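Take a look at this single chain in structure tokens; it is the form predicted on its own.
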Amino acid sequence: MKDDIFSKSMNKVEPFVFDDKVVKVFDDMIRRSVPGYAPIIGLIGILAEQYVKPNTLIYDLGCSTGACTLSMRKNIKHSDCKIIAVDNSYAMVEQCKKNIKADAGLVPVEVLCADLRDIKVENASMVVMNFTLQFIAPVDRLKVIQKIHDGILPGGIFIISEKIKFNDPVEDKAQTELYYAYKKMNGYSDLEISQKRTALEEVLIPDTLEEHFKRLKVAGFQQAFVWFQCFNFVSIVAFK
């Protein structure tokens, strides 16, 4: 279904929420709104094939409708593993369950409707957070990353994908303008771009790359680097 949520002028733009209305158009929304989303999802499957170990858990924190979970499930070669997919949106979780049920993969998947801050991470060889930390209060972010680090086994990996901001105002402006041009190329109008930006202003709070790397280092990850970037959207892999 086409994303036209912000296509009509609104007297008041409410803060963005992942409700039923968003879930219905989510696939179209994220394809047209997040540059590089499809290759990130596909390549995370390849990373799962390389790094997931037998008899371990794999976490998809902020799983939305399950695209990343399904990509990992397709590529994991060990039947004694289990994926735990978590989202705090009931609408997202219900759609994720439907997508998992329709999939022929053999790796068990447990889908939970919960705040990821309340989830215990343990015995993990791989943890993924795709465009999720940016929606968590900044004061809680280090605690979340620390918990993830502590629950990953030695040799395991953490993938975090995020929208970022830049320290250099010239670069930040240029990257943002390129991103809006990308959205226009995908059919969004100036009105849609403007109203969605307003809806996200106090909901999605981006960090700089430097802030992400500092947080990962403080949490104890041995190494981290950007493995994918398009405009102001990046994906980082961190190693324990």
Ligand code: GEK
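Each residue number is its position in the shown sequence, starting from 1. All figures in this text were calculated on a predicted structure; none of them were measured in a lab.
Note that the form predicted in complex with the named molecule isn't included here; everything after this is about it.
- Checking 168, 110, 80, 115 against the named molecule in the model of the complex, a heavy atom within 4.5 Å turns up for just one residue: 115.
- The candidate spot formed by 70, 95 and 100 is out of contact with the named molecule in the model of the complex: none of the three has a heavy atom within 4.5 Å.
- Comment: 56 to 64 is the region of 168 to 176, 56 to 64, 181 to 189, 205 to 213 lying near the named molecule in the model of the complex, near meaning a non-hydrogen atom within 4.5 Å.
- Although the partner is absent here, residue 88 lies within 4.5 Å of the named molecule in the model of the complex, judged by heavy atoms.
- Of the heavy atoms in residue 199, none are within 4.5 Å of the named molecule in the model of the complex.
- Shown alone here, residue 142 lies farther than 4.5 Å from the named molecule in the model of the complex, counting heavy atoms only.
- Although the partner is absent here, residue 153 lies well away from the named molecule in the model of the complex, with no heavy atom inside 4.5 Å.
- Shown without its partner, the chain has 130, 131, 132, 134, 135, 136 in segment 120 to 144 as residues with a non-hydrogen atom within 4.5 angstroms of the named molecule in the model of the complex.
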